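First, one chain by itself in structure tokens, the form predicted alone.
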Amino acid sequence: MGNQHYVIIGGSVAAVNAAKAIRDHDELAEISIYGEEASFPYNRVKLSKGLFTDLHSDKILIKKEKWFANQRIHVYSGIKVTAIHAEDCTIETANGQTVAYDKLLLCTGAHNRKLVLDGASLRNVHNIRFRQDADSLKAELRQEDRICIIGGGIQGVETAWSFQQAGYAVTILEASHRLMPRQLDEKASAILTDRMTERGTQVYLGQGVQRITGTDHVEGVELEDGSVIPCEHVVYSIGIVPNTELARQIGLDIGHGILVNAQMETSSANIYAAGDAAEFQSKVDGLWESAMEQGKIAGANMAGASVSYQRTLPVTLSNCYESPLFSIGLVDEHVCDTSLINKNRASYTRMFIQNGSICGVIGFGDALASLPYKTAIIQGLKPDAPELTKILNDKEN
């Protein structure tokens, strides 16, 4: 029996972590990553956080080219996989190659949810998923241009901040009545909104977009109440949809994403899935840390280890608008039993409690300030635990 050939479809952070885990468990295996984009796997988070930095420098790569060479991992960039033949254990590429695999991993990621409304196909309506999207947006920008951002989730807020720092007039529109509704409560969102408006970003909450106006290119955005916000560009960010086409073709079980068990196995033997394309226990995580962890678990299991995926604690850290904030764990007041709010003048912190233990925290502070809370949630501490009382007292002083 020759060396195993592990094939990974998709050049994502899940793919890189899976390849590394396979190599750690199997010295001799052949490992191939097929990515649709014509570059080595890079950090997508930078596309919103660092929109105006050089997105073509090596700094954006998840691992440098040399690392892949040292690990003997083949990266085939710019090659789309068009079909999987599960019965023969082969994949087919757009350039007509047939490649045999022993184990296959689907890291096909997700695409951005499409904006469906009048005017969505006008010139200068942008949606940033790939590096080339960011490139073409920047190529179209003129100094005086006004930008409207549809979607006030974390990505929308980060994108708004990138434009704001680069000197553009920015308006952000969110249909729900608060920004970052998945990460923040009313109060924290209100504080963030104030800080954004103080720095010159206009924020509209609680009404959807009726249509985008203009004949050939964007001229404005019309809200549900009929008012129009004039602008030259629209950038939207309204969630993600897992890429499940290949999985569907071969009849894998699919919910929102490709269904996997704790070993990241799909419903078909020798085929695994990880990252934004995967759905575990009825949920597509759609988070960077989760994708890394799922990739590791998938790779280890493919290479014969037996490990289970433990969902990582969701952590959102943001430095947008010079207003560092964190949201960790379960922060939904409808699901938690109770919460404790610490409102000293300098900052706002709210701990969410379930069955007597802390299950989530929202607060204003940097990554360092968030760590004790993260530890508290992982250890299942009670809100009056001495470790926390000390931090809260330090904050007051």
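Numbering starts at 1 and follows the sequence shown. Quick caveat, the model's predicted, so the values are computed rather than measured.
If you look for the form predicted in complex with a small molecule, you will not find it shown, but the lines that follow are about it.
Of the stretches 40-48, 324-332, 367-375, 347-355, only 40-48 has residues with a heavy atom within 4.5 Å of the small molecule in the predicted complex. Residue-level contacts in the predicted complex: of V125, A110, I238, I271, one residue has a heavy atom within 4.5 Å of the small molecule, and it is A110. With the partner omitted from this view, the residue of M302, A291, V260, L192 that lies near the small molecule in the predicted complex is A291 [heavy atom within 4.5 Å]. Among residues of the shown chain, K80 is one whose heavy atoms approach the small molecule to within 4.5 Å in the predicted complex. For I9, a non-hydrogen atom is located within 4.5 Å of the small molecule in the predicted complex, even though that partner is not displayed. In the predicted complex, the small molecule stays beyond 4.5 Å of every heavy atom belonging to V203. Put simply, A14 is close to the small molecule in the predicted complex: some heavy atom of it is within 4.5 Å.
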